[in-house]
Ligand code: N01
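One chain comes next, on its own, written as structure tokens: the form predicted alone.
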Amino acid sequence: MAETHSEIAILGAGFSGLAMAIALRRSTVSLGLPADGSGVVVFEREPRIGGTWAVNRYPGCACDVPSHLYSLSYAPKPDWSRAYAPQPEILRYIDDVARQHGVGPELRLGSGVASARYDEASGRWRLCTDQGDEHTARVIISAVGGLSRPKLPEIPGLERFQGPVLHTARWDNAVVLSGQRVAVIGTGASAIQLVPQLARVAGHLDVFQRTPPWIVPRPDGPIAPWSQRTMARWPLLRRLRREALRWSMDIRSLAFVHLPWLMGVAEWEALRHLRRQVPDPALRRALTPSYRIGCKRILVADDYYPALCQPNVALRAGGASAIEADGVRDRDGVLHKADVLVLATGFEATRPLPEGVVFGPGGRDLARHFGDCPSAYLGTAVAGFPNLFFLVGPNTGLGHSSMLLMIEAQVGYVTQLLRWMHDDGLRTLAVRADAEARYNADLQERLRRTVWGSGCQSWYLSADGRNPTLWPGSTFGFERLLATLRRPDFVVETGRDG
């Protein structure tokens, strides 16, 4: 197949990739892009759009942010069915947004990028897809995100298990679970949604817990039709509802970041929730965390604790020590027979890109450059990698609010960078190494004083204890920071040659 070309290539068609594609469609004139959309290509390895909401389709999968805040500001959905939207509804919303904004011709579905190499002679990136197609682009925008590569547990014997093995991010609905002996490894955000669903159908369910999570009540429930009609009829009320949710959630960042002692209030609420739902003292002790709430991700659920109290469910505190062909051994070496193994073990959050994919000038491997603790300037640009920008990059994650707010701020910032490149005829644009270093030194110092640095081990942290995942502040603060383009922080090369 002949090599194809575009001005901009977006990697990933989840929320961030689609939001970027929509922003580029809105800015075709100011960015000098063809009006027919041919200047932009969106590569997506999955056969459909949706990103994490397309691949996470395990039973019970839902959002843990209120529905009216989990939407793009310019594409409100007045008729959410529940306070916390389930995965199928979010996926339908993503499809609707893409259709309403004309995103379609740009998409290359089922076509992931196997490699991207920067060509210094042409000032363009050369991409090769996993289908063997070749493509060049002036600019690459990575919309891959940190929750994209499933993480497998480091438990001896995983490869020996003879039954079906499912990961929550690679679910297979063809696997029969009804009446089966099921073992779940992990008790994080996906597990607490999945376990209640499995408890309803499994003959026996073992839940292997290494560390108990903090869980607070989930004020979920159906949204009444009259409320949906009101939101549709009165846009001002809808906007006020959204802003009220944003402010109420952003206020929580004060406790996470500036006043960790305030987390005691959340601990009291979580412990009361535990006492109300778990009457057995021994089980309650096994489910009581020993670290400060917020140090790991706070989970929201009303049906997880009751599921663990069911007669066909057993909590295996301490986690799994080994996996055998026919079951899982607990920390005491006792074998618990299993027909199906479910891995609710999350993602490679601190290593979202594998080695051997993105190569900058001189063949520099981006994954090796990142190591175990990736960093970027404003979560958006990395020194030494020109014309490469990130959405949902390092230190843009949240522990308290909607990621779509962060995505919109970054999309606006990248659009500013692209407009600068167009207006000034720039061949290349890259952040200065000293600017990136100053930004991240300040960022890590701020993170050190937050609740996430209070001593527990979590997927937020790298092996050396640094935090490459979370933003230490409010969504309003991030938005303000990215509103202004600081041109002295970048090094540019003029003289575009096509």
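All residue numbers refer to positions in the sequence shown, first residue = 1. Computed from a predicted structure; not experimentally measured.
Keep in mind that the form predicted in complex with the ligand is missing from the display, and what follows is about it.
- The candidate site formed by Y58, E154 and A189 is fully in contact with the ligand in the model of the complex, as each residue has a non-hydrogen atom within 4.5 angstroms of it.
- Listed stretches are 330-338, 208-216, 172-180, 125-133; the contact stretch with the ligand in the model of the complex is 208-216, by a heavy atom cutoff of 4.5 Å.
- With a 4.5 Å cutoff on heavy atoms, K296 counts as touching the ligand in the model of the complex.
- Residue contact with the ligand in the model of the complex: P386 places no heavy atom within 4.5 Å of it.
- Using a 4.5 angstroms threshold between heavy atoms, D64 counts as touching the ligand in the model of the complex.
- When contacts are judged by a 4.5 Å heavy atom cut-off, G360 does not count as touching the ligand in the model of the complex.
- Here is the short version: of A344, L405, L378, L308, the single residue with a heavy atom within 4.5 Å of the ligand in the model of the complex is A344.
- Out of the listed residues L147, V139, L194, V411, L147 is the one that sits within 4.5 Å of the ligand in the model of the complex by at least one heavy atom.
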